[in-house]
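In the block that follows, a single chain appears as structure tokens, in the form predicted on its own.
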């Protein structure tokens, strides 16, 4: 994997442990020549991650929709900034640039982006590894909800297993490098007129 998209918050949260893991992930990317593709922000987890990689002379590509590109949010010291017209075009652009995805703690946007990546994999549109760095058990309730979805028949176990989960950066990336996408059975519906 040469480039990985990282989805994370524009906030640092209330616990220093989240910021610390963002710094560790940034150092890992820089030390292992993995380029970061992210939302283009200079604040919160996004800013910490980008700043860490830039300080180590790593590659950082921001993809930001025009409506968010103002001085308070957009990072001005990264390798490349790509501006898109909409949030949906941002996700498409990120998808074209990366070999995999990681979610760090964040809010609605983080969940939206990681679930879009999972949906693309589920449909066989992509076959890229998707990971969650479960710092401080942040995603435990989300993981439990996925189990409920399997139990209640709304999610196949094999699709749930597309999500790689670890609380260790090294373990997560190792699992992502060895990821093999499941066989997808495509169903074609015929339209009857």
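Positions refer to the first chain, counted from 1. Keep in mind that this is a model prediction, so the values were computed, not measured.
From this point on, the text means the form predicted in complex with a small molecule, which you will not see here.
Although the partner is absent from this view, residue 35 stays clear of the small molecule in the model of the complex, with no non-hydrogen atom inside 4.5 angstroms.
Within 4.5 Å of any heavy atom of the small molecule in the model of the complex lies no heavy atom of residue 93. Although the partner is absent here, residue 41 sits close enough that one of its heavy atoms falls within 4.5 Å of the small molecule in the model of the complex. Taking the partner from elsewhere, residue 118 is found to have every heavy atom lying beyond 4.5 Å of the small molecule in the model of the complex. Per the 4.5 Å heavy atom criterion, the small molecule in the model of the complex is contacted by stretch 43-51, the sole one of 23-31, 43-51, 143-151, 158-166.
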